[in-house]
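Encoded as structure tokens, the following chain is the form predicted alone, with no partner shown.
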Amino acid sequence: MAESKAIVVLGVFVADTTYRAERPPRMGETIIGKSFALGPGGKGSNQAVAIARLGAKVSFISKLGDDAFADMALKTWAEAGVVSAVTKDSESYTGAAYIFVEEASGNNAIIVCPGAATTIGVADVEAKADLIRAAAIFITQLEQPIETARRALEIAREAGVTTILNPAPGAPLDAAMLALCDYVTPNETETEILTGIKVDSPDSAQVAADVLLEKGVGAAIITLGEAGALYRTAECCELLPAFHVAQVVETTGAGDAFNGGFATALARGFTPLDAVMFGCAVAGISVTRAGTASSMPNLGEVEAVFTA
């Protein structure tokens, strides 16, 4: 692969507390789980780690508390090669997430408490404006305040930086914000929230993608789990297949793996279609492993699958 240009990620770090059990408990019920794990997570942080492990240059803008989970974050980024552009808020706490994983399928349900990251404001991204302007690719999500994400996208767009919005967790967004995005990468649920169209097939995904284009998005990339990803622009519509590498262990973090892979491939000069395929390969490996940040593969592992 060609040398990567710089990528900047705005997002959230949370400590993932992962519980595996046969089913979730009902209200008022206690059940015995199969296992527990504590590890680094948060969509933005996961994406930055994925990008760094793929050998790309990446800086991460966020906010932490001043506690043990913040220490975990800084260690995770240092080990992966992520350049930290974070500030600390000693009056708050570093975020945490409850993740329930269904033992039989590996499917998950998540509650996120972002903590200090909820206070990432417009002034914080404006303070990092030069870092954003110097990037080739800028990517963000919706775990920090939406207005903060909007301002960061504006800064990137004004500087001619390629913009990627992973609209997760799902939230309604106006056309003005969507028009700031060269690429939007929702899953089925997030697409329905954005468009009002239920996505349960590639055909319905295309209908929803057309709505996103009408709202001003440059390209809609709707991730469809085992069915792959639909890439839709005004000129092109392609369903790219998923990579089935081995047995699925856990799907948590698959979307982050995809987005990190997609951004990395774009930064290395891939065509958008090839970048989507590369993102699918990264996600296909990540679901064969437990954890989120810890499941992100390195470049050699992905190239072995992608070029096979």
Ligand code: RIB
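Note that residue numbering follows the sequence shown and begins at 1. The model shown is predicted, which means the values in this text are computed figures rather than measured ones.
Keep in mind that the form predicted together with alpha-D-ribofuranose (RIB) is missing from the display, and what follows is about it.
alpha-D-ribofuranose (RIB) is not drawn, but in the predicted complex it has no heavy atom within 4.5 Å of residue 286. When alpha-D-ribofuranose (RIB) is considered in the predicted complex, residue 252 lines it closely, a heavy atom lying within 4.5 Å. Contact check for residue 177: every heavy atom lies farther than 4.5 Å from alpha-D-ribofuranose (RIB) in the predicted complex. Residue contact check for residue 110: one or more of its heavy atoms lie within 4.5 Å of alpha-D-ribofuranose (RIB) in the predicted complex. Proximity of 64, 124 and 144 to alpha-D-ribofuranose (RIB) in the predicted complex is absent: no residue of the three has a non-hydrogen atom within 4.5 angstroms. Listed residues 212, 82, 99, 155 were compared with alpha-D-ribofuranose (RIB) in the predicted complex; 99 is the one with a heavy atom within 4.5 Å. This chain is displayed without alpha-D-ribofuranose (RIB), yet in the predicted complex the stretch 110-118 from 129-137, 110-118, 227-235, 196-204 comes within 4.5 Å of it by heavy atoms.
With contact defined as any non-hydrogen atom lying within 4.5 angstroms of alpha-D-ribofuranose (RIB) in the predicted complex, 256 is the only contacting residue in 256-286.
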